[in-house]
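Considered here are two forms of the same protein chain, supplied as structure tokens in two stand-alone entries, structure 1 and structure 2.
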Structure 1
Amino acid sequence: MDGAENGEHSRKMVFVTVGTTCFDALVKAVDSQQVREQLSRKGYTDLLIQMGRGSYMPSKVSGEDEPLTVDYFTFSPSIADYLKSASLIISHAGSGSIFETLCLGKPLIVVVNEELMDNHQSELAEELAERKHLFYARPQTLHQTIQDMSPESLIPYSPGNPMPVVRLMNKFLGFPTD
């Protein structure tokens, strides 16, 4: 069933994604001692970071005995496989990765980039957090969010439906709506 569950000694992976943006504040935050400690305390064993255009390099950690291994890469043509095998996703606030994660039914923490000029992105994350589909954090509060969260409390997101738009368009243009 769940890819992560099949792994040896039930490894639990945290996948961090910043998309095509530069979001060093998030990479720095997940690389911090505080966040790493919280993650391993919560039972996560691997941390994989997709760091995009950022210049901050996280420190790699590997080895069987480490409580939390850390690895990173810049870009990948598709992050779908990483999302599928992760047990927790920490993402920037782009709608693409938010909905890709929610539709897989994975627990998600969205971290808003406060340095973006036109920060309309926080609207979506706040709304979905209010509806309890995800957790909402800022880079400075990420460790607190990880400490307080219980993924079971999230309400599964039911995927949207493009049919209402298509029906309205067809009706407007004088075509049968079904």
Structure 2
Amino acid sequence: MDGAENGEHSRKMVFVTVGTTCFDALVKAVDSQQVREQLSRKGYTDLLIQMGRGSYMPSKVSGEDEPLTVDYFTFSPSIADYLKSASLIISHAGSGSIFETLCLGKPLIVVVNEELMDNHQSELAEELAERKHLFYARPQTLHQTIQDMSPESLIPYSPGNPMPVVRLMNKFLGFPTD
């Protein structure tokens, strides 16, 4: 029993999410041999892909001889438990997914969908990467980002406190300010 428990504790899951969109380029990238090898080299043991509306079907891999177990699903009512149990999250550039992950203090690689026109999401991802809160990649550079990343170098994200603005608005509108 101790051996099984120790085996469980040494598992490190990577959770990939594309949200409710179709982002086959990201799913194909994480399904590539290059990305799976880099994840395995970094000590990750499990890869779980939430593939959304995409049509590309990643390969499921399991077995004791495989360094990285791979599984996937389309949608879930909530991905909160997956985010909490993951050691690394690879996500599309949706602001909800980004900030939910950052608030959990998990290492995050944001992959921008270059097929979207007027992609304001890339601006958010680039800014947060410059501030060292996350890593930023494109589908074709994901394997290199994983190879080069050092999760210890990330700076924890601290969400802002909205209360000073709320108090100011309440005072302006004549509401109680307590």
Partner chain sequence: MEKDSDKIWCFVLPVLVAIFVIRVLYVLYWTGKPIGSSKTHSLRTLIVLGSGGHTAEMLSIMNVLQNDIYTPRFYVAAATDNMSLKKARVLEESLMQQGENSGRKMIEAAQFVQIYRSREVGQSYITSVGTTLIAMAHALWLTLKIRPQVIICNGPGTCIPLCASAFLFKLLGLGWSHIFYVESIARVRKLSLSGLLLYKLLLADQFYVQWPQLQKKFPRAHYVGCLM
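Reference numbering: structure 1, starting with residue 1. Just so you know, these numbers come straight off a predicted model, no measurement behind them. So that the term is clear: the rigid core is the largest set of C-alpha atoms that superpose within 1.5 Å between two forms.
In this comparison the chain labelled structure 1 is the form predicted in complex with the partner chain, and the other chain is not.
A displacement of less than 2 angstroms separates the C-alpha positions of P156 between the two structures, with the rigid core held in common. On the core-superposed pair, the CA position of R167 changes by 2.4 Å between the two structures.
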